[in-house]
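First, one chain by itself: the form predicted on its own, in structure tokens.
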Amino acid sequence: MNKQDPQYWDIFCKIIDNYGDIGVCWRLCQQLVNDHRIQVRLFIDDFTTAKKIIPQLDTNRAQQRIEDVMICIWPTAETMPAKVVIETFSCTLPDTYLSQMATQQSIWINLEYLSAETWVSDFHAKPSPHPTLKITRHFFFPGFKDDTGGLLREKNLITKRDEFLNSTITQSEFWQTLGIQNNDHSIKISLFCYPQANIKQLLLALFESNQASTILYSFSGTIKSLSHIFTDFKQLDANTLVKQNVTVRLVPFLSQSNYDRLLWACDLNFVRGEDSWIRAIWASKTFIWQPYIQTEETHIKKMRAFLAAYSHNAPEEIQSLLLNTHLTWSAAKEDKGDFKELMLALPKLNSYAKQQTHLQSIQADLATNLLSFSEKLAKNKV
């Protein structure tokens, strides 16, 4: 195939943050293929980790087509670049490949991490000429405002979510796959977090509640390895712990589509990194986000920036509650009272979450914006 055809894109992914990088890249590839009929090659440096997100992936094959995406190992000197090349999260392109891009005048876009910080709008879509090669890289920032790159969102995502939520049968079937019965009326809480998450304060708040709670914990280890967190819990089976009114179920690694369903079905979602954070926004449910831990508490600054944008039109009590709960969850403060208030305010918070999801869904999505931007750059080259 002619890799210089603008309908062929190359996307590069180096896996750093466990599954976040590959999760975002795989969703982007599928949307470009399904919604925009772009033919994509996805270059991945770590097939073993990627297989958790793409279970069909054969780690022994250097190149394979899965769901109409060509997945390849890191390119060799003979690999010819596509007309549009997406370098995700500044992963650094191979020197030989980059030189060929310059010769062919490929469009070079660096897709950055999602942030709500105010400086993002100023740097979005800005050029950065290479110091020695005749090629320019353009920085593309996802974001929450119209003057950024937007958020990943397939064109049928909201419809699929609503169909799921409007079908008690579909929801019941989904819960049964996780071992939860139809007559279980407990508060459902999905939990996907980094080790620093303040689970202790959450549990203390849940114990003091009269409401039964079920925590769906996405964790790749075993119950035994969680004994230091869930102290004095009784083990019912290989995947279930119980103490007082709280049940904890270890959730097997879910496909991206089933993880979406988990977020839609739960009453409260704890998410981390980038991919699950974005999907929690589209779930229209209350969520607590744990950013990737960084030095000098840079992650707390990013969290505050997001909450300032997300809750700017919320009542002051909601703004304060969301901020305090997020800080407690990321271990920046200790107060079980934040989680007690959170549980009591869930109806109000879920109502606000629906409003924010709707406002974000009105904006153009990331893949559509990337396509428009690449077409604009291509015209400027003519």
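In this text the structure is predicted, and so the values were computed from the model without any measurement. Numbers follow the displayed sequence, beginning with 1.
Not pictured, yet referred to below: the form predicted in complex with 2'-deoxy-thymidine-beta-L-rhamnose (TRH).
ask   = Ok, S121, T170, Q256, S128: which has a heavy atom sitting within 4.5 Å of 2'-deoxy-thymidine-beta-L-rhamnose (TRH) in the predicted bound form?
value = By the 4.5 Å criterion, the partner-contacting residue is Q256.
is_contact(S276, 2'-deoxy-thymidine-beta-L-rhamnose (TRH)) in the predicted bound form, heavy atom dist at most 4.5 Å = Yes, S276 is a contact residue.
ask   = With the partner left out of view, is I53 within 4.5 angstroms of 2'-deoxy-thymidine-beta-L-rhamnose (TRH) in the predicted bound form by any non-hydrogen atom?
value = Flag for I53 set to yes.
message = Quick check on L359: any heavy atom within 4.5 Å of 2'-deoxy-thymidine-beta-L-rhamnose (TRH) in the predicted bound form?
response = Although 2'-deoxy-thymidine-beta-L-rhamnose (TRH) is absent here, L359 would stay clear of it in the predicted bound form, with no heavy atoms inside 4.5 Å.
inquiry  = Using a 4.5 angstroms cut-off on non-hydrogen atoms, would H326 count as touching 2'-deoxy-thymidine-beta-L-rhamnose (TRH) in the predicted bound form?
reply    = Looking in the predicted bound form, residue contacts with 2'-deoxy-thymidine-beta-L-rhamnose (TRH) do not include H326, since no heavy atom lies within 4.5 Å.
inquiry  = If contact means a heavy atom within 4.5 Å, which one of 267 to 275, 150 to 158, 67 to 75, 94 to 102 is the stretch that engages 2'-deoxy-thymidine-beta-L-rhamnose (TRH) in the predicted bound form?
reply    = It is 267 to 275 that comes within 4.5 Å of the partner.
message = So, a 4.5 angstroms cut-off on heavy atom distances: do all three of F144, K354 and D365 pass it with respect to 2'-deoxy-thymidine-beta-L-rhamnose (TRH) in the predicted bound form?
response = No, the whole trio is out of contact, none within 4.5 Å by any heavy atom.
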